[in-house]
Structures are given as structure tokens and as C-alpha cells.
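A single chain, nothing else alongside it, follows as C-alpha cells in the form predicted alone.
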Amino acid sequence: MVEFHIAVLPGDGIGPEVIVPSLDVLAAACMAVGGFKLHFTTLEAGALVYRDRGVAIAEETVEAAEAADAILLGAMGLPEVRYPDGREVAPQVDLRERWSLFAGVRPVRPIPGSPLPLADARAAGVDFVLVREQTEGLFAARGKTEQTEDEARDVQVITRAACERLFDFCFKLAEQRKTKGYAGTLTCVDKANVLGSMVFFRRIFDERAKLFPGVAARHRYVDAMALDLIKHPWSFDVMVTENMYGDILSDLAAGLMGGLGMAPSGDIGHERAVFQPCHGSAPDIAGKGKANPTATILSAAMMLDWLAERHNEPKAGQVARLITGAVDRAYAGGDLKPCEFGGTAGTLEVTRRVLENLQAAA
């Protein structure tokens, strides 16, 4: 029996509502494959924990998560719960920094049968990965703002070490995708025409590109990329960018899939990884049964793929494919329309359809 331990951080708002069905899908897929089991440990963290206890994530919670093989997170943060300096509570960002989860991996692949925002028929063939650096950039100024009565400054930090590990990760990802029939291109997204820190970013990218001659290295300015992702998103394979730029572009990219409720993600480092949907805690729909669990279910599948690669465990990959296939088949007929698309399918209905298709394929 192959076994892994998963730390589960449901978080705030709709976080617990999308985590529960994801665990149900994981358990059903593991049972269908056989000889593979996941042990779940639920841990408390987030805005409500901060409100009640004065700390967003306790040290013992961090240590328990560190002991797990992977972490699955729902959503954290609430607009009305903030630190004294006015920032929203976001312990997931603290974990990225503490564990050096430098690669924010955002796969973008519209699910066949789901409503798509672009009318062009080629939009159905969009399949790229956006990777954002997550330990520095403009986010390095978080909690360190220099402020007077008349001025505020946030300082962007770009270091060689962080760039090299990020670019190497992305070039290797593009190499892997090329073996699977993708273009094998990596586009560096920056603002090197204006900012010296981005000139530095691009120069290191070009240096690392020489170590990966099988990958075509390209460049785009971030504003041009925002336009390109609307005009011809099918032209891209893997993209890499700075933290803040990636934060913005990843939401734009999620729109190509129909919305944040469809968009999975992984925060990946050399030793640990956290997987979570791209959406936030959505307190406006919390408790109403409207939350779309698709992004969290697909994030769980990403987690299994990461475990499969990290531990050379094919059963984990088999479970991941079973889950992804079940999600695709659930939407394939075109009649499953979650609430965010103007439909009536809430959390329970989406989960039921995924489980039915999973069991049918097992």
C-alpha cells in the first residue's frame, strides 16, 4: 500500500466548502485505483484564526504542515479582518516565504464543454502554464512599506539566486512539456524597457537560456502580454514572470478558463508544495452552496502529479489522471453550468457530477 500524508488548511469563507468535496473526490479516486491511500490532517489557519487568537497561523500548525507530504489549501483572508497596518491577513503568503515556495504554477487549460469567454474557436485549444516568482519582486515590500505623511514607498527586490532557480524550473518544465507534444517555448514577461530591476531579471533569463538549447526562449513586456493573452492565448506554452505581474496575469489567464472557480494552482519549492484554487475566500457567497469546487479538485490533482514526480510513484499520477478525466467528462456535455457562469449548479451538483464520472471510469 502506497500512503501519503496531506495537511489540509480549509481556511476562510468558501474555503471549507470547496475543500470537503475535493477530499471526497480524492478518497474515491484512491479507492478506484487501489493500493494507494491518502491520510488527511485538518489544520486551522486564516483570518478567523487571527481574529480569535491574534495569530493567523500558529507555529505548531506550521510544524504539522511541514511534517506532511503535501499541503492542500482552500482559501484564506477576509476583507474585514486586517493587520494593524491595513493589510489583509494572508498566511498562505507567509508560507511561501518561509518554505521558499518560489514557483507559483498556474496551468491554464479550458475544460471542454465549459463556457468560454473568447468567441474564437482556437480558444478551446489554449493550454499554457504561467509561473510567477513568489518569494520577492514587489511583494518583498510586504510589511516593509516606507511611509511618511506625504509619501509611501514599496521597494521591489530581484536577486540572482531567486531568478536562477525560477528560470531553471521553468526551462525544465518547458522541456518536459516538449516531450509531451507542446511547443517547448518559454516566454519571459517583464518590464525591461522601463525598470532596471527588470533589465537584470531579463539578463539572467537570457544567461540561463543558454543552458537549455532545446527550449525556445522569448520575451514579452507585461503590458503587451496582457493584450496577447486576449488576442491569441493559444500562441504560448510556458511563461515566467515577477511576483506582482504574475499575480495580475494569473487572474486574467483564469478568465480564459471561464473564471477563478475553474483555475487550479500550485506553490512549489524544492522541498515542499502547497496546492490551492486561484480564487479567494469569496465571503459574499459563503454558506450559500454556490461555490464552484472545480478549481480545488483540479488543484488536488496537481498535488498528486507533484507527489508522483517527487517520489517516483506512478499510482499517484494514475489517481491524478483519473480525477482530471472525471472533471473533463463532467463538463463535456455542456449542460453543467456552475453559478458563476449564470447557471444553477452549486457545490453539491458539481461534486456529484465529478464523482459519477469518476466512478464510471474506474
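The first residue of the shown sequence is 1; numbering continues from there. Computed from a predicted structure; not experimentally measured.
The same protein has a further form, the form predicted in complex with a small molecule, not shown here; the description that follows concerns it.
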The small molecule: the contacting residue among R218, K290, R272, K191 in the predicted bound form [heavy atom, 4.5 Å]: K290
Listed residue that, although the small molecule is not shown, lies within 4.5 Å of it in the predicted bound form (heavy atoms), from I111, V222, A140, A282: A282
Proximity of G261 to the small molecule in the predicted bound form, heavy atoms at 4.5 Å: yes
Distance check, E349 to the small molecule in the predicted bound form, heavy atom within 4.5 Å: no
Any non-hydrogen atom of D251 within 4.5 angstroms of the small molecule in the predicted bound form: yes
Partner-proximal stretch of 97-105, 196-204, 272-280, 149-157 relative to the small molecule in the predicted bound form, 4.5 angstroms, heavy atom: 272-280
